[in-house]
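Next comes just one chain, in structure tokens: the form predicted alone.
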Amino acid sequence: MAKSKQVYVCSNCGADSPRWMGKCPSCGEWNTLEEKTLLVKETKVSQMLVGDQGLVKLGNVDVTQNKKVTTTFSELDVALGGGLVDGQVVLVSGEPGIGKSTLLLQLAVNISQQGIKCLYVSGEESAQQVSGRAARIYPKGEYKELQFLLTSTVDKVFATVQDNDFDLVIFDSIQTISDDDVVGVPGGMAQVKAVAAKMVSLAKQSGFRLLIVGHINKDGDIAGPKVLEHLVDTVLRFEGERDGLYRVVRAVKNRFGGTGEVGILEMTGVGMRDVDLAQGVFAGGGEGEVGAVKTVAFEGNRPIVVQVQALVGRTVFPYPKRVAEGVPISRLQLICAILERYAKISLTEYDVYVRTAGGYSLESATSDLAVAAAIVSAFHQLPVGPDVLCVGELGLSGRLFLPNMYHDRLKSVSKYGIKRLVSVAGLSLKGVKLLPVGYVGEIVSALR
């Protein structure tokens, strides 16, 4: 039964409060709470569950039901842990224009060609716009079986899915769909949470695969409440330069596979396509350069050779600039401080710019040595050969560390043309000469 309720609702995020406050406790905006009388429908927790199965022994559970279906993109399958599972809910996020909608449209068309019923739901693009994008990628006959729905209400999506036996539903995007039973603008916290709850519950009960596009805010986080990431099974994050060729699909969360896995895709004039990592797409040029050092990032069990580039120049500002792309700015500032303290390199009068080739994002601290070596190379004008690889984490004492798990993983780097390894002492790699560095001050001698 619906009940009357007097609340103060935030016009910005849709959150409600039992009393008026100058500042919204949810989004932090001032003077946005407005008094409203709501008819509130009681939502039971059981509505979010797929049903009570009772007491079972895990050894007797049939796990063969979780058979994975390919997305038709081998790199995307890697990020997902092998493909899509029945009832799986995937949240895809990334910068505007990076290719989320293009990839999901291709996925839907490719899967629909295999006789699998797919529904593409959009709350911001018309059928003509989506069809025009598909026409640029496919001949018209190849996407004619894909069904499309333009709506701004989740109830319309709910009814359409219930009336049709879809195997795959794409939601583009959750910030543009609203629930009529919830007060707030589309994209607000209350709306996003309500829409996600309804669709996730339906996906779990009906068994179809659900892919949701989620916008991000100015800080790079997924817009909306954090509960959105908890509700879904998998969170994929698109990375890369919007104007560049390559896109990295990173699994931030995955209940059906390992986290940390990535897929590498290339944006072309006819949509996305898989990339062969053996080509060294993030390894930069093939000649020795000043301020360009290679490192290796292990995503899951796959090594990815990435070039770190640095530029050091005298500053014209009262405070020297530190600019980083592909490397956290806080880590760059930390490495500069370590170099200045222990390597006797005075950077207080120099701007330091660091970026990665292809816009690849280096998450692991084992790239510290490569960043430091690139800065040292740029500062002293020391060219570094293309066959040199730097791997290691810098401590605040200036010492170099390398996790034990990397000792075996590094054995595969020789096939990428690596002949010299700058890292901690004790490593033994066939066909690779070790240049041991135990202290940050030894970087210059190792590069020479």
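Since the model is a prediction, treat every value here as computed from it, not as a measurement. We number the residues from 1 along the sequence you see.
What comes next is about the form predicted in complex with thymidine-5'-diphosphate, which does not appear here.
Shown alone here, R136 lies within 4.5 Å of thymidine-5'-diphosphate in the predicted bound form, counting heavy atoms only. At a distance threshold of 4.5 angstroms between non-hydrogen atoms, V316 is out of contact with thymidine-5'-diphosphate in the predicted bound form. Although the partner is absent here, K100 sits close enough that one of its heavy atoms falls within 4.5 Å of thymidine-5'-diphosphate in the predicted bound form.
In the predicted bound form, thymidine-5'-diphosphate sits within 4.5 Å of a heavy atom of E95. None of G141, G115, G269, G285 but one reaches within 4.5 angstroms of thymidine-5'-diphosphate in the predicted bound form through a heavy atom, and that residue is G269. Partner proximity in the predicted bound form, defined as non-hydrogen atoms within 4.5 angstroms of thymidine-5'-diphosphate, places exactly one of 251-259, 305-313, 100-108, 227-235 at the interface: 100-108.
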